[in-house]
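Just one chain follows, in the form predicted alone, and it is written as structure tokens.
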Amino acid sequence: MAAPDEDAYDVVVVGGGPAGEVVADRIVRSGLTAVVVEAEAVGGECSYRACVPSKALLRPGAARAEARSVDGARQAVTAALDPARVLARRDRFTGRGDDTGQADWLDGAGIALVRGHGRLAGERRVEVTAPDGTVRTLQARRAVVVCTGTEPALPPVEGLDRIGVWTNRQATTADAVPARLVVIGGGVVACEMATAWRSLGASATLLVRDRALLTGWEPCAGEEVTRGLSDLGVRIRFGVSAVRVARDETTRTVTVETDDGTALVCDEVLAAVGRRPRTADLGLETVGLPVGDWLPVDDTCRVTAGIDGDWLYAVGDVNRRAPLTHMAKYQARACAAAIVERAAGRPAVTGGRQRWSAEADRFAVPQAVFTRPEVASVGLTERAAREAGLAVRTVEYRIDDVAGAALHADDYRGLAKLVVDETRGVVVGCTLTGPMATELIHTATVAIVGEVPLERLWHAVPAFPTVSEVWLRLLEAYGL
């Protein structure tokens, strides 16, 4: 039986995070109708429990460090951070999870909102269970777009599910600084949260199963973050895994036993070892897809496995292509454009190429880590470029040797590395470390996406005296 007219929309978006918001907005701007289904808070993980609160926690420590890196300013900055004010500032950005503003924005944009848990109930149908238990079925005339994101994956540590373990959610929203924090993991969340809470006064220890931090990055990135964390006083134990944890019901402290036979006593444990798709209760079985899996998609984010027709899409982290907020928004723009094109009867593919596609998330994904020092990258690492069969040449330059960097900070330390495809004479990868690395990386993103020949890039003259002059030095080191 078809859903009532009032429950029929051109596009039904399941998940109201950044990806879902952008898809719905683009759809409505085109003249079609859209509804967003959200079980928690409009704005998603990024707004309340990930990107925004984590950067709010990290920025005060970075600002203090920057001021203390310049003689004359250093003498004026003598006090430690004020944890209460730092946490209050974070709460101003997140509203402590209150999504009223985001929901009002949807309404103002002409996007319908249905609160509740959404799951597929067959082709173009989404069943929504409201908080009060009532069930409503939405019909999609054109498409259903899944934007449910991911959730933390917990490592197989005995007792971890019984101690009230922190994930990114607790680590970014805690109301007090733990005296002692143990972090399991060596990726972005582990490094950023160790930086943030150590800056606020916590004693922090990282348990890293691997022999390096940020293992998917260029080695120099992990090395610089290791040095920075160590300088902050974070203890890093490489090649060590937690095997058992238990919380004392009287003292509320946690004992963490490791596979090298030692034990650590702390107040909180943060598990930051990865993410899994939020698809276990999405109704995938009703359309013939495996429950709990990632959703493979093409460059328009159309689900490609076992689905007949152009009606099911998956945008953002849930498709595992490039699990970052900015790439989710990029995919969302491409997805919405493809849906609109198909709705208008225009071909999605012309001349062998899709008119609207999220192709850059295969070769030009910018990433930023707000540790001290910052690290940022875009494109391929040297190893990945060689494995792809490219004729690779790399160029490195110490950013410390750039005049603008020396003026920016008395103790500036940073490195720039380019990966060049010699056959085409273009940059295919870049990694930067040091202050302002996260702001500098966009230049490399433009160069890679635009496939700008190095001989042409030579004419992009950086202003003096800025840190961006490193681009001139890199081209000179290359031989231009």
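Just so it is clear, the model here is predicted, and its values are computed rather than measured. The first residue of the shown sequence is 1; numbering continues from there.
Separately, the form predicted in complex with a small molecule exists; it is not shown, and the next lines address it.
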Verify the flagged residues G61, H408 and P435 against the small molecule in the model of the complex: is each one within 4.5 Å by a non-hydrogen atom?
-> no
Contact residue in the model of the complex, chosen from R413, R26, R68, K55 - any heavy atom within 4.5 Å of the small molecule = K55
Which listed residue (A143, V225, V183, A328) meets the criterion of a heavy atom within 4.5 Å of the small molecule in the model of the complex?
-> A328
Can you say which of 238-246, 318-326, 216-224, 398-406 gets within 4.5 Å of the small molecule in the model of the complex, counting heavy atoms only?
-> 318-326
Would N168 show up as a contact with the small molecule in the model of the complex if we use heavy atoms at 4.5 Å?
-> yes
Contact flag, T148 vs the small molecule in the model of the complex, heavy atom cut 4.5 Å = yes
Is V378 close enough to touch the small molecule in the model of the complex, meaning at least one heavy atom pair within 4.5 Å?
-> no
Using heavy atoms and a 4.5 Å limit, would one call L282 a contact residue for the small molecule in the model of the complex?
-> yes
